[in-house]
Each structure stands twice: as structure tokens, then as C-alpha cells.
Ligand code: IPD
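We begin with a single chain expressed as C-alpha cells, specifically the form predicted on its own.
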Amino acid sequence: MTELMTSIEQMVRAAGDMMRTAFNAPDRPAYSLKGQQDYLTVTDGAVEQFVREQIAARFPGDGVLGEEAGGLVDGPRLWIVDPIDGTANFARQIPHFCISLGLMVDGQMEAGAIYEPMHDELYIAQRGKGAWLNGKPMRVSGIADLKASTVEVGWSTRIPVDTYLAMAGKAAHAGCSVRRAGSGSLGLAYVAAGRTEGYAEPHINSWDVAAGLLLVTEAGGRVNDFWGQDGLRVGNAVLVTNAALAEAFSSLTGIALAA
């Protein structure tokens, strides 16, 4: 493993230890709401600060964009971090959350990892070199029948409820099993691991998907052009799928896939 990938693994595992400790503490994590269904805990800020300090020490001069503290997106090397994706789950004692950390170099995702601490699952990828789950190569599912497929449809308060319901409804009417588990990052990781066939969301932020988009492409899947239309700064729609159902999911969701 290269020094870069070793550093990424060390950072996300250490961050995961922080999350696991807080989750298992006698008192459940205290939370506040930044907005409707937009949870925030002290651990979110602590994890992001830890990752920022680690990046500054290991890769001085690199930029960082994080969910909690923001950051500048100019410069050739940019780390994109969501300290806890699935904060509502974390705050409400549901063990389905993760850290997502990706490195963008000259506008392309170079490396990324998603670490789910409660089940000790490390999803990691490097551009052109593949994707792995706990050291084993990942490949997307080979399922080619919508009626045998599972798709996750994400939702946030940034979009009308009817938009989400319409997308989920189309998938259900087509015969898909439709789910929503509350972590977009893990939703993308599950597609890369072949656990589900697709993940779609009408709007999501870059820190939620930076690592996951690379995981899916390196595992043989398809993605939309998330980075177009200033997705890095303002977010965008996202669609990731296995190869066999890519066009079908694109038609169902109305989200065009990248070439």
C-alpha cells in the first residue's frame, strides 16, 4: 500500500475510533438541529478538526473542504471530508454512519475511503488501481433485472418531498426494492460492494459523495457527472449504479450518466 493510502486508512480509522467511543458512551450523543432533520453533534466537529489537523501534519499546504467548517476549494490538492455521514443515525443510536474522506487532485478524485466503525468496514479506492472492502477487491453487482434489484433513494430538506416521492415511486413501480438508510456515503459504498444496484438523490453535497463516486467507478460501476455545474461547491444530483442497470436507472431517475 502506498504512503498516501496508508495515511488515508490511518486517518479514517482513528476518526472511526472517536465516533465509536462517543456512540458507546453511557449517555447517547447529545445533538442539536441545524435545520429540519439536519442533525449536529459535538462529535461531528471534533472528528472534522482531528482530520484537518492530521492532513495539515501529513500533507502541509493541501486544502480541506469539510461539512462543518467549510474551506476554500482552490488549489491543486483538495481533501473533502464528511466527519459523520448519517449524523441522525449516530445521534439516535442507529449503528449506520461513517466518515467519508476523499482527495481531489487537479479536479479529479485520486483516492478516497469510507469507514463504518460499528462494523469495522473500510471501503477504500485509488484512481486506476481498484477498490477494496477490508482488503478484498470490490465489484459492483451483476444483477440485470430491475425486478431483482435494490436501489436506495436519498432525501434531504433541500428538495421538495414530492420530488423524492416521485423518484422512489417510479423505482418501486418498476419492480425495484427501494430503501433509504440515512447515509448517502454508505449508500454509494454499498453499490460499490455489490450489496445494492443503485443509489440516487436529487441533491447531495460533495462531501457526502467524493469518496463514494471513486469507489463505484473503481469497482466497475457507473456514475453521473456530479462535478459538473459546480457540484464541488453547491452540490448536485447523484446517481451511481452497477453497469448492467445503468441505463435503466438513468431513465427511472432522470439523471444522466457520465460517458
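Computed from a predicted structure; not experimentally measured. Throughout, we count residues from 1 along the sequence that is shown.
From this point on, the text means the form predicted in complex with D-MYO-inositol-1-phosphate, which you will not see here.
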Does at least one non-hydrogen atom of Arg52 fall within 4.5 angstroms of D-MYO-inositol-1-phosphate in the predicted complex?
no
In the predicted complex, does Ile204 come within 4.5 Å of D-MYO-inositol-1-phosphate, counting heavy atoms only?
yes
Using 4.5 Å between non-hydrogen atoms, is Thr150 touching D-MYO-inositol-1-phosphate in the predicted complex?
no
So in the predicted complex, is D-MYO-inositol-1-phosphate close enough to Ser183 to count as touching (4.5 Å, heavy atoms)?
yes
Report whether all of Glu116, Tyr123 and Gly194 sit within 4.5 Å of D-MYO-inositol-1-phosphate in the predicted complex, measuring from non-hydrogen atoms.
no
Counting only non-hydrogen atoms, the one stretch of 105-113, 85-93, 136-144, 166-174 within 4.5 angstroms of D-MYO-inositol-1-phosphate in the predicted complex is 85-93
Are there residues in 141-173 with a heavy atom within 4.5 Å of D-MYO-inositol-1-phosphate in the predicted complex, and which are they, in order?
Gly154, Trp155, Ser156, Arg158
